[in-house]
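Just the one chain here, the form predicted on its own, laid out as structure tokens.
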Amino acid sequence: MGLVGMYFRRTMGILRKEVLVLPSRVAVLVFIVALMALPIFTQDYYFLRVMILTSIFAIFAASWDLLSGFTGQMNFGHALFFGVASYATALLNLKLGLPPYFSIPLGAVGGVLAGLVVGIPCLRLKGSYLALTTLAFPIILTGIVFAIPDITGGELGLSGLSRLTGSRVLDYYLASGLMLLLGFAMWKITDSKTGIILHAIREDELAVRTAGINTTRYKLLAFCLSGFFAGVAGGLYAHFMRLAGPSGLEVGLSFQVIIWAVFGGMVTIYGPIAGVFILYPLMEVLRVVLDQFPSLPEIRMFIFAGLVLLTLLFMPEGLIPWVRDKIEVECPRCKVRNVLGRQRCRVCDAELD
């Protein structure tokens, strides 16, 4: 009991001193609790399906932010990592009989290899040249998929994969738990020394190189890390849908992930996750509601485009950074964030504007 009491007091101390001092951290805590408690209130099959796919795409969107947001390596073909891992996971499961807890991590290694294949030739490219080159890779792979249907299943893809867990509720906890775990891992990477260097490369690569840092190595590392996390999302998707097909390599999916990330707020990791949790369920709700009006088939995409455009017009840095800046203020001396309305910084006691 003494040990339990010690850990309880320590946890409460962290909550009081580290979490409850900022509204954004409280919001994250509420989000985590709500996500974990959701199946207690509803186990609707379709609703949990939407939330599982939302968690998978949230990992995917955050992985794009890790690469393009923090290093400035604008990747327009991010679906390549997702699709390669989906096919690798499917082949490992169908041909070798590996269960999901082996096939998904090994499939993610396929995403890492895809990151190397894309990263090495693209290291010297910048801006629109880099974006267009990365866009070409999933298109090339789609052609290869159609060229060898005996292995890839052609346009029908590979189907009949093992289920994730066999239970929709367990699928939900697996997907949402991995989303929280991998999202936290990506955030810690960006908050580490490596993340600071990646951010510095984005701001001024020449200055970083002048400081004696091998920027090529760090950019390649960013491609591999991003490929791994996107690969986990692709493997989860393949096992959950029990299918790996050319749709996982579509150009539309690559642009979709950019929209989610930009809408939520780039260079944050949690912004793209929030963007997916807002936009993906919203699109499903609109689809269900507007199915009642078959004479308006395109209005769903019109509403989606209008919402994104209005958000970016008035919140150019994304929705979540805009909200955060409305409720918190940054200390001009130590750069620590404080709740809005506080007179002095909670860390260095500097006066806040």
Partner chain sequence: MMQFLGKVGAVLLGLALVLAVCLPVGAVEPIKIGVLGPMSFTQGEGHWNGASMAADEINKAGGIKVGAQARPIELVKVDTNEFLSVPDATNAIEMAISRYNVDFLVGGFRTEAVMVMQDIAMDAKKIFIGCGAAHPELCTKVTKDYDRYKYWFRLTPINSKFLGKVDFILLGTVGAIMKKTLGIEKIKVAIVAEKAAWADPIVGIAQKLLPAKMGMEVVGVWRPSPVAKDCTAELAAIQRAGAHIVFTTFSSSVGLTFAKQMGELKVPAVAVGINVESQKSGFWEATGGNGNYAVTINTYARVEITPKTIPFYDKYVKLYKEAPNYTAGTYDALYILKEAVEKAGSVNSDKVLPFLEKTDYIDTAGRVVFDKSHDVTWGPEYVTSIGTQWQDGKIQCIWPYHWEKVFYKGTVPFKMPPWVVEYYKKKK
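Positions refer to the first chain, counted from 1. What you see is a predicted model; the values in this text were computed from it and never measured.
Keep in mind that the form predicted together with the partner chain is not shown, yet the notes after this line are about it.
Contact with the partner chain in the model of the complex, defined as any heavy atom within 4.5 Å, is confined among 63-71, 39-47, 22-30, 317-325 to 39-47. Residue contact with the partner chain in the model of the complex: Y280 places a heavy atom within 4.5 Å of it. Taking the partner from elsewhere, F137 is found to have every heavy atom lying beyond 4.5 Å of the partner chain in the model of the complex. Contact between R163 and the partner chain in the model of the complex is found at the 4.5 Å heavy atom cutoff. Residue contact check for L53: one or more of its heavy atoms lie within 4.5 Å of the partner chain in the model of the complex. The contact with the partner chain in the model of the complex, taken as any heavy atom within 4.5 Å, belongs to R242 out of K126, K188, R209, R242. The partner is absent here; in the model of the complex, the one residue of G195, G119, P246, P105 having a heavy atom within 4.5 Å of the partner chain is P246. Using a 4.5 Å cut-off on any heavy atom, the residues of 154-173 that reach the partner chain in the model of the complex are, in sequence order, E155, L156, S159, R163, R168.
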